[in-house]
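Here you get one chain, nothing else, as structure tokens; it is the form predicted alone.
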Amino acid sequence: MNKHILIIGGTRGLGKVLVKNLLKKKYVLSVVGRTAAFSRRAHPGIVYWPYDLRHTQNIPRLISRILKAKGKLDSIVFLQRFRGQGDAWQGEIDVSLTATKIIIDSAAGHFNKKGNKTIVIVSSIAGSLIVEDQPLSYHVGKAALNQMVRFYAVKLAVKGVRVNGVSPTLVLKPESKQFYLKDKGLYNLYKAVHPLNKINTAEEVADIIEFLMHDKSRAISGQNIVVDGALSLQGHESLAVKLNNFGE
């Protein structure tokens, strides 16, 4: 039986890359998002469920429909964030936190008994550091997701469900790649302050998500994997020296 993966918010950026990778492995994918990223005719293994996660009251019904259509789950991956108009604070709370809670609570008893039983929540370094181009709501939402990972890792352990988080820094996504490649100065500056002298790609982050879904990570639960190549481990003096020496 093919593994059934539920992906929340997998229609853009990192989510689109992850979906593409999983399609190659013949998984059955149920993707909840506002738009479709791939043709269902070309990719029969994927079913899109158009839904605005701000409408939290109807999420249990949505999960019930997905389970009825495609069966029990092997994994759930959360990649959503608030991108709509209106109150960013309430939107982030609804989309990132309330929706995640309701989905987990609704699906926790519906994993395949012989499956990997994994949940991966994609957060951000903004959950512990300050990213100045993002609003307060984004930071608070990501910090709360990190705690949600820990809470559900303990609560769902009795069901054999593992819960982990992934917190990337700047990620080179397909839709942003050309922007950074055209701005060589900015691109090279990011590389200069990165210990590995690179910018992490969406493909690399997707690989880590897949690893946490796999039985090879079966001893890992309740962890938040920071994907920044040790960037956040550097002291501000070291970064200042790197910036001062940039271009020499």
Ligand SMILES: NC(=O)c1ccc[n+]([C@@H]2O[C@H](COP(=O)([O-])OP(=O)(O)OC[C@H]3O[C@@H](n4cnc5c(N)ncnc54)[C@H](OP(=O)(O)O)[C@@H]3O)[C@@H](O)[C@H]2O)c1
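Since we're looking at a predicted model, the values are computed, not measured. Note that residue numbering begins at 1 and tracks the sequence as displayed.
Keep in mind that the form predicted in complex with this ligand is missing from the display, and what follows is about it.
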Inset, instruction - Kindly confirm or deny that F151, G165 and N224 each have some heavy atom within 4.5 angstroms of this ligand in the predicted complex. - result: no
Legend entry - H110, K155, K177, R83 - the one with a heavy atom within 4.5 Å of this ligand in the predicted complex: R83
Legend entry - Sole residue of I76, I103, V95, V161 within 4.5 Å of this ligand in the predicted complex, by heavy atom: V95
Legend entry - Among 213-221, 66-74, 186-194, 53-61, the region lying within 4.5 Å of this ligand in the predicted complex by heavy atom distance: 53-61
Inset, instruction - Verify the contact flag for R12: yes if a non-hydrogen atom of it lies within 4.5 Å of a non-hydrogen atom of this ligand in the predicted complex, no if not. - result: yes
Inset, instruction - Decide whether H139 counts as a contact residue for this ligand in the predicted complex under a heavy atom distance cut-off of 4.5 Å. - result: no
Inset, instruction - Flag S123 as yes or no: does it have a non-hydrogen atom within 4.5 angstroms of any non-hydrogen atom of this ligand in the predicted complex? - result: yes
Inset, instruction - Give a yes or no for V171: in the predicted complex, does one of its heavy atoms lie within 4.5 Å of a heavy atom belonging to this ligand? - result: yes
Legend entry - Interface residues of 196-218 toward this ligand, as seen in the predicted complex [heavy atoms, 4.5 Å]: none
